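Provided below as structure tokens are two forms of one protein chain, presented individually as structure 1 and structure 2.
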Structure 1
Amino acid sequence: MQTVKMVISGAVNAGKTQFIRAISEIEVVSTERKASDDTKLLKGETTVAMDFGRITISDDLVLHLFGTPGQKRFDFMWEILSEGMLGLIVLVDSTRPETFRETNRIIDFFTSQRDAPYVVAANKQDHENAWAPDELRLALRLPAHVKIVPCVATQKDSVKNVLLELLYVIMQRSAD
């Protein structure tokens, strides 16, 4: 059985959990921080908001989806997650410019680690005040070769489309 990974990252509230939930064939395993966990945080016990989902490709191939926050203090996660990683999706909440800087930090951190394929998903496009993908490209200063894909993480077809767009990028770099 071969396992491949895709990593879904993005700032808090970007829609990572929602994204994986929309497509995973298993109930998404989330380690969300609940309100009641705040006391733990105060005591210094760090929790990591992670999500895990799965898509079976065939009898001998399975795709794992990992949602991971982009915060600096979770750097150690990247080492683990990027093993066998096919590519990365960076979700951005298109309605919240206050998260653009963090989004850029995530992209920056990721691209400084390795030269792996990624796409940016402009999430929450169903919101009235969502910045359009073209506007986000300018706001985030994404280079022309990086795809930015519109996304509504609550809709399975939209999530499928983002995954496929990433896969097309991966395909271009694949070996015979």
Structure 2
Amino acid sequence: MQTVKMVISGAVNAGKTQFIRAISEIEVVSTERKASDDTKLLKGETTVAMDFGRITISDDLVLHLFGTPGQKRFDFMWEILSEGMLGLIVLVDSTRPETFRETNRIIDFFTSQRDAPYVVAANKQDHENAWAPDELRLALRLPAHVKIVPCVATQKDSVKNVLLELLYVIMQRSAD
């Protein structure tokens, strides 16, 4: 059986923990702690090290999902968690344009550290004020080859679709 590592990253409150919880077949190992800075204005708890989940794709393929912390003060974990990753999902909160600059910083960091395929998951697409994926591409200045996948991180089928898109990108890259 092959086990592969996928990293899920994004700004604070982008939905990383919910994304992993929606699809993991095991109870998610989470390092949530009470928020003690400005993050507490958005949510009560925040990830301080990582989230870990697992999903079996087939008899011979298992995905290990590692969620990064979103706060800048924990970004030292990004390099640690990116070690050995096969692919990256960058979650963006489509309803909060004030996080787009941080999303770009996250993309820049990971693409400079590892040559791993990635997709952008446009989360919270079920909200009325969500930016459409094509609007996000322009706002984030993403190249045409980067897939932006609509997402609702609390819905298993939506999360599954994002993971499948990342797997397709990985397979395309390995075929090239």
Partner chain sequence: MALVGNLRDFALADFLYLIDRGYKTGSLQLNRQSAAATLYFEKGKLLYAAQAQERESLGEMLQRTGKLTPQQVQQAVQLQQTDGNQSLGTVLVEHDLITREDLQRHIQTHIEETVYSLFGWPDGEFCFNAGVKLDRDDVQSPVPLGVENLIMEGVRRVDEWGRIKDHIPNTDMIARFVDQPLEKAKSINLTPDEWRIFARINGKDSIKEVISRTGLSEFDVSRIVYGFISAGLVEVTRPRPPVPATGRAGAGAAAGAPKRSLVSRIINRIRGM
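The structure presented is a predicted model; accordingly, all values stated were derived computationally and were not measured. Residues are numbered by position in structure 1's sequence, first residue being 1. C-alpha atoms forming the largest set that superposes within 1.5 Å between two forms make up the rigid core.
Each of the two structures shows the same chain on its own, and it is structure 2 that derives from the form predicted on its own. Remark: with the core as the superposition reference, the CA shift of Glu83 between structure 1 and structure 2 reaches 2 Å or more. Core-superposed comparison between structure 1 and structure 2: the CA of Val146 stays below a 2 Å shift. Taking 2 Å as the criterion, Asp59 counts as shifted between structure 1 and structure 2: its C-alpha moves by at least this amount when the rigid core is aligned.
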